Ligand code: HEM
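Before any questions on how it binds or moves, here is one chain, the form predicted on its own, in structure tokens.
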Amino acid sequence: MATQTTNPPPTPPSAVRQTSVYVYEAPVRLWHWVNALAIVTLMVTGYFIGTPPVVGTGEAYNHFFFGYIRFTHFSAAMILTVAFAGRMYWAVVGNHHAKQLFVLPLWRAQWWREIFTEIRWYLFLESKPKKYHGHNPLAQLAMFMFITLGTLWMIVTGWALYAEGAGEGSWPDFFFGWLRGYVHNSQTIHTLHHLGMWWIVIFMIIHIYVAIREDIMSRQSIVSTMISGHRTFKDDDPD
């Protein structure tokens, strides 16, 4: 009696092909998370400085609650300033992607066309996203406007306010006191500083939404890239 043998079915090819590119170096990733923590701390403490809470009765020196808020705010501001200076340095010595936050290719017509393509994608008018190793052009423009310029705005206005308390002749007054002389009203600087906070708050809300959306819809890693440094692309193999 002949023995019938059956061959196992061939293993189907993987339905998904993944590629990975190293994008963000360790100093960039470290700055991102330190900067995010400093900004959140500054927002919370800054809000309470602008709208002081009622804490108990009696003399302030008996509880010093508001003093701790101001100390935390000033400490986070110093960390933000040093970290931003380090980030500017790394934009010079780091890889191509480290420079995107500070250099916009405004002279390239293709870059502007891709900005409008990305706007259409975020408005659900494009069915297939373009994939980039670093920031896409719209994200690059947004990061420059909200983070690069926004952080500089907060550093200059914040240190100008701090210089008022540090006193004339102090180093904060030497570097940033000119703004008070230009505006002639520290309350105006307070208002500008406060508006800058909301400028960055709006960006953070959009930034978190877009990062999660891209992870899901564009089939490329966004959130995990700022942890590992690698951007992973997932492409469906053709049937």
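In this text, residue numbers run from 1 along the sequence as written. All values derive from a computational prediction rather than experimental measurement.
There is also a form predicted in complex with ligand HEM; it is not shown, and the following applies to it.
Taking His190, Arg29, Arg180, His207 one by one, only a single residue has any non-hydrogen atom within 4.5 Å of ligand HEM in the model of the complex, and it is His190.
Just one of Phe203, Tyr47, Trp33, Phe174 comes within 4.5 Å of ligand HEM in the model of the complex, counting any heavy atom, and that one is Tyr47. With ligand HEM left out of view, the stretch that reaches within 4.5 Å of it through heavy atoms in the model of the complex is, among 134 to 142, 89 to 97, 112 to 120, 154 to 162, 154 to 162. Contact check for Met43, Leu80 and His194: all three have a heavy atom within 4.5 Å of ligand HEM in the model of the complex. Using a 4.5 angstroms threshold between heavy atoms, Phe74 counts as touching ligand HEM in the model of the complex. Although the partner is absent here, Arg70 lies within 4.5 Å of ligand HEM in the model of the complex, judged by heavy atoms. Contact annotation for 206 to 220: no residue has a non-hydrogen atom within 4.5 angstroms of ligand HEM in the model of the complex.
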